[in-house]
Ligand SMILES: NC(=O)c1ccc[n+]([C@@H]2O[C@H](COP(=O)([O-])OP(=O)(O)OC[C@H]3O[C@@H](n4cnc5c(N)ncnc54)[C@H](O)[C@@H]3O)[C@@H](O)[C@H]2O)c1
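What follows is one chain in structure tokens, specifically the form predicted alone.
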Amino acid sequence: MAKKTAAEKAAKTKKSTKKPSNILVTGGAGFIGSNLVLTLQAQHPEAGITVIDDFRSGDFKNLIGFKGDVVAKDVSRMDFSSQFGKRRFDAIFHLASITDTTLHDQKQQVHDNVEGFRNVLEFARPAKTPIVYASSAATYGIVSGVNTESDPPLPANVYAFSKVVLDNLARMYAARSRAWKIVGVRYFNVYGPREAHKGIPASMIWHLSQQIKAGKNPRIFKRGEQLRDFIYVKDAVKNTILALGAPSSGVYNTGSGQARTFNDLIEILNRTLGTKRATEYFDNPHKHYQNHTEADLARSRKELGYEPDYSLEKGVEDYMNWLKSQER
């Protein structure tokens, strides 16, 4: 008998996965979260979707057009049982997190990110509600090169450390019940619509595009040969949703699978925006800097049927068109 292809396996998984009718998304007013919420709403128009967000790193404008419920609370401090009573969800997407990697308050980062996830796990545990949660490529640390899920974690900052603890918790809870699916999506360098509210933590693609559109020269570290796995948010959302149909608990890289230089990015932005701004290089102030990130997508392709739809060129074009539409 011929072996089934990855696409055939993914199709079988998709067919066997029950469509969720009651969905909970934490961090749903944030960058990736809001794109996920609006995509889920489009894919499951009959489903009830509830967002939890304390709006510290989210924005109500990201949810314009959303037709569901919003709970304005901090997941690390809220009482889920009191809030929802006996109500249960078919699926939980946990994206709530302090996403500012420059926040160095270790207690706040670890408490809010870890305890928020622990609360979600405890709420979901009785019914074994499937959970897809946001991990991060930051867990790989400053080791340059292609990153595989089996690589040991080497967090270089407290944000990355908190995400390592999330992965640890997910593994421990899943080990107690093999029937319970807890899946992490390890995001690489995500960019795209609904990130502007983040300010400094927004992607370099957003910042560089703003510099160019303001008539300024784009500024990057010398000499622009650093490599990044830039993933368009639509692809990040795609793999997040696919993760709900994962065959078992685990973590999956969520990137483009391609490493592109900063110089490539400047060239693409100039071409897309119809400009010819010269690049300004400046010294990298960071002694320990990751010069190469690249997601190994073998597992995501094989087990989830994931295939990115957007090259950097296509993603930047789509993003710039979206930004232009928002300016009108």
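Keep in mind that what you see is a predicted model, and the values were worked out from it rather than measured. One-based numbering along the sequence shown.
From this point on, the text means the form predicted in complex with the ligand, which you will not see here.
Participant: Taking the shortest heavy atom distance, is Phe66 within 4.5 Å of the ligand in the predicted bound form?
Facilitator: Judged by the heavy-atom cut-off of 4.5 Å, Phe66 is well away from the ligand in the predicted bound form.
Participant: Quick one: is Ile98 in contact with the ligand in the predicted bound form, heavy atoms, 4.5 Å cut-off?
Facilitator: Within the cut-off, so yes.
Participant: Indicate whether the ligand has at least one heavy atom within 4.5 Å of a heavy atom of Ile266 in the predicted bound form.
Facilitator: Although the ligand is absent here, Ile266 would stay clear of it in the predicted bound form, with no heavy atoms inside 4.5 Å.
Participant: Hey, in the predicted bound form, does Tyr159 get a heavy atom within 4.5 angstroms of the ligand?
Facilitator: Tyr159: yes, in contact with the ligand in the predicted bound form.
Participant: Among 213-221, 245-253, 81-89, 135-143, which stretch sits within 4.5 Å of the ligand in the predicted bound form, heavy atoms only?
Facilitator: Looking at the other structure, the answer is 135-143.
Participant: Pick from His207, Arg118, Lys198, Lys234: which residue has any heavy atom within 4.5 angstroms of the ligand in the predicted bound form?
Facilitator: Of His207, Arg118, Lys198, Lys234, the residue with a heavy atom within 4.5 Å of the ligand in the predicted bound form is Lys198.
Participant: Between the ligand and Phe31, Ser57 and Tyr187, in the predicted bound form, does every residue show a non-hydrogen atom at 4.5 Å or closer?
Facilitator: Every listed residue reaches the ligand in the predicted bound form, so yes.
Participant: Give, in sequence order, every residue of 61-86 that has a heavy atom within 4.5 Å of the ligand in the predicted bound form, or say none if there are no such residues.
Facilitator: Read in sequence order, the residues that approach the ligand (within 4.5 Å, in the predicted bound form) are Lys73, Asp74, Val75, Ser76.
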